[in-house]
Ligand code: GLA
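Let's start with one chain on its own, the form predicted alone, as structure tokens.
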Amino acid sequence: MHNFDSIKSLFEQRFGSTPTYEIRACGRINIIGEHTDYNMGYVLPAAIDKFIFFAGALNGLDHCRVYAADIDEYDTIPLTGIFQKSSRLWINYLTGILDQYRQQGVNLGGLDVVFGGNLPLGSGMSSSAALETGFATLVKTAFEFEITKPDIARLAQRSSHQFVGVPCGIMDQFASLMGREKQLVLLDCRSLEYEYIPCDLGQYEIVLINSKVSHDLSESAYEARVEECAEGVKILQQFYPAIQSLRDASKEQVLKHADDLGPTVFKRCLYVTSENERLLKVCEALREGQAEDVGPLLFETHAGLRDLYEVSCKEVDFLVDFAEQHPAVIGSRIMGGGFGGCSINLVDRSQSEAFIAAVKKAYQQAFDKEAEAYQVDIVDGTDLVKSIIYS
């Protein structure tokens, strides 16, 4: 676990100079709206106080020198010729950002970079998006390139698609960049129009329980879900030509054409259309200050992700089932792309410590594995913290 001071110190040790730029990149949670982003639907994320810190400076070389402190790995990125993919996934995320900026006409130069933080990898808090948005903010600053935060999110998404090979939606990058303290971001993933929803949870707080089961969204299961949803759109278009994505379809239309869709595609489409409806209900409840109404909708989402979208796993199912039986918890579900990571829970803050102790003990007994708990706050998104320009 690193903070700004330790990252800055590592930079000075490795490169023998003081960093010019300091960036704080945020992880994110998503209250509801999972796997709706690449279906052009709605999502409801927020930036949280789990960070990747970047220290960087121009080095005057024809390559970037990068040290990933959390995993103690060092690598270089040549800037001459065509950018090449690496066997290391993390370096591909950075190289893809450089590739996108070059396509934008930025005249790139060498950078020295050290990064690390307290954002757990593979937890469903989107460390990959924080890596992309933090590095993209560093590059933008170092080379004085004018680009808005929403456009950085689009750039990072293109990098994931074109260079890394992950067909992700826009939510993670957008939330990491556009988060606002004590607010949720209601994002329309088709238009990228957004508004802020106050996140007043009253007596409840957000607690994440990390199953410590890691997932890799570049694996085939995620790509299969993208393809299955696209297949559903093609089938529904035969009956409703106006449908361009599952965002345009209703749950009733999906139910009516269950036989046409076939069992697997039907389940995927039913989940996505139901999730969009649930998300709008959550927004209405929060606007009216009815935090208690949010909890049951989270349980519904988990059931959909488990049974219809089939992206849960036995470990996170155990965490959610335990939470559902605990008197302090009003809502729980798997968070993130699936296949592991965290459950997100709405917990009575007066009983949070008791819940955390109980669920960790039960999980240890069930799986001989230690879960981690995070009580998170909603904060402002990824941004430049310090820029020191020497004359």
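Note that residue numbering begins at 1 and tracks the sequence as displayed. Quick caveat: nothing in here was measured; it's all calculated off a predicted structure.
The same protein also exists as the form predicted together with the ligand; that form is not shown, yet it is the one meant from here on.
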Among 335-343, 44-52, 357-365, 62-70, which stretch sits within 4.5 Å of the ligand in the predicted bound form, heavy atoms only? 335-343
Does Leu186 reach the ligand in the predicted bound form, with heavy atoms at most 4.5 Å apart? no
Closest heavy atom of Gly116 to the ligand in the predicted bound form, within 4.5 Å or not? no
Mark Gly56 yes when one of its heavy atoms lies within 4.5 Å of a heavy atom of the ligand in the predicted bound form, and no otherwise. no
Does the ligand get within 4.5 angstroms of any non-hydrogen atom of Ile170 in the predicted bound form? yes
In sequence order, the residues of 16-45 that place a heavy atom within 4.5 Å of the ligand in the predicted bound form are Arg28, Gly33, Glu34, His35, Asp37, Tyr38
